[in-house]
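One chain comes next, on its own, written as structure tokens: the form predicted alone.
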């Protein structure tokens, strides 16, 4: 019995076939995969996507033989070698005791899935963020944006929210899977909001993740996948962010263009009720302003048209070398992100 990396396409095909026995899918965003073999046959496997450990599967004959511990220990070691010491596992609810016994801490659970973490503790991490940004205990509102890139629509949402409350927190999604890098997105939002004396712009950290990284292999129906992702994200925000930062209301923009985001807003409303405010989208000449529209225009070299939807802070960034590099990356991408 030995552990080794999956490198060759032929090996990946074998892993895919192995996972199919468990109704699991080998997802496109996987970075690294390991397998445990015996007599040249796969008996267990695990993968990572950045700091998410996923696609864990063990052959029935080897379950209950400490294989999960072996896989998890090996993946944690490999993540540490990359400088990643904070990691997550999504698993079915009934598997939570197993992962707790291996040292992972549950963050939230739905009726189907659970999110656990290792290497850090969400309460401590958010408290450190609160201290770092000198955020007091007074009640405040919040906006969570990816800002890929920041548009006049995002700015309208921020301005609307800040006028209703003494203080507003703007969380910029830290996950670095977008065309515009996190550091750039954070800097753009900070620059755009620098004249707002009651707005604090800060990173969301690792806990508010995008739909792109949510593991879909547990659920076969797209509608169920979307709902579970939204539920986990909303529960994390309500249980930890609202409590730590004393957030009394969250603001989001209405979503007439994306079914997925509209469903996310619906889930937010279900769990936050009167603590959620949905703001009509800002329009320009009867067109709804959206980041996806801006990316599409930039991709097609319609920069002058795209700039009409953008605040000066975003335009200034796009004129830099880093901004032009982002546009080049955008032109090579096939996805909406």
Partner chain sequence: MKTIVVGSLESSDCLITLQPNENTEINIESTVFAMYGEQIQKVLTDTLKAHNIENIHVLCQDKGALDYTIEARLITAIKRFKEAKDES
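Positions refer to the first chain, counted from 1. The structure displayed is predicted, hence computed values, not measured ones. In this text, rigid core is short for the largest set of C-alphas that superpose within 1.5 Å between two forms.
There is also a form predicted together with its partner chain; it is not shown, and the following applies to it.
J.: Counting only non-hydrogen atoms, which stretch in 260-268, 192-200, 136-144, 79-87 is within 4.5 Å of its partner chain in the model of the complex?
T.: The contacting stretch is 79-87.
J.: Which of these residues, 123, 246, 112, 73, gets a heavy atom within 4.5 Å of its partner chain in the model of the complex?
T.: Partner contact (heavy atom, 4.5 Å) among the options: 73.
J.: Though its partner chain is not shown, can you say which of 283, 66, 275, 296 has a heavy atom within 4.5 Å of it in the model of the complex?
T.: Only one listed residue qualifies here, and that residue is 66.
J.: Can you check whether residue 181 is within 4.5 Å of its partner chain in the model of the complex, heavy atom basis?
T.: Heavy-atom contact with its partner chain at 4.5 Å: absent for residue 181.
J.: Residue 92 versus its partner chain, in the model of the complex: is there a non-hydrogen atom within 4.5 Å?
T.: No, residue 92 stays farther than 4.5 Å from its partner chain in the model of the complex.
J.: Looking in the model of the complex, any heavy atom of residue 103 within 4.5 Å of its partner chain?
T.: The answer is yes: residue 103 has a heavy atom within 4.5 Å of its partner chain.
J.: Does any heavy atom of residue 128 come within 4.5 Å of a heavy atom of its partner chain in the model of the complex?
T.: Output for residue 128 is yes: heavy atoms within 4.5 Å of its partner chain.
J.: Once everything's superposed on the core, is residue 53 shifted 2 Å or more at the Cα between this form and the one not shown?
T.: Yes, because once the rigid core is superposed, the C-alpha of residue 53 moves 2 Å or more between this form and the one not shown.
J.: Would the C-alpha of residue 98 be classed as shifted by 2 Å or more between this form and the one not shown after rigid-core alignment?
T.: Yes, shifts by 2 Å or more.
J.: Taking the rigid core as the reference frame, tell me whether residue 166 has a CA displacement of 2 angstroms or more between this form and the one not shown.
T.: No, its C-alpha moves less than 2 Å.
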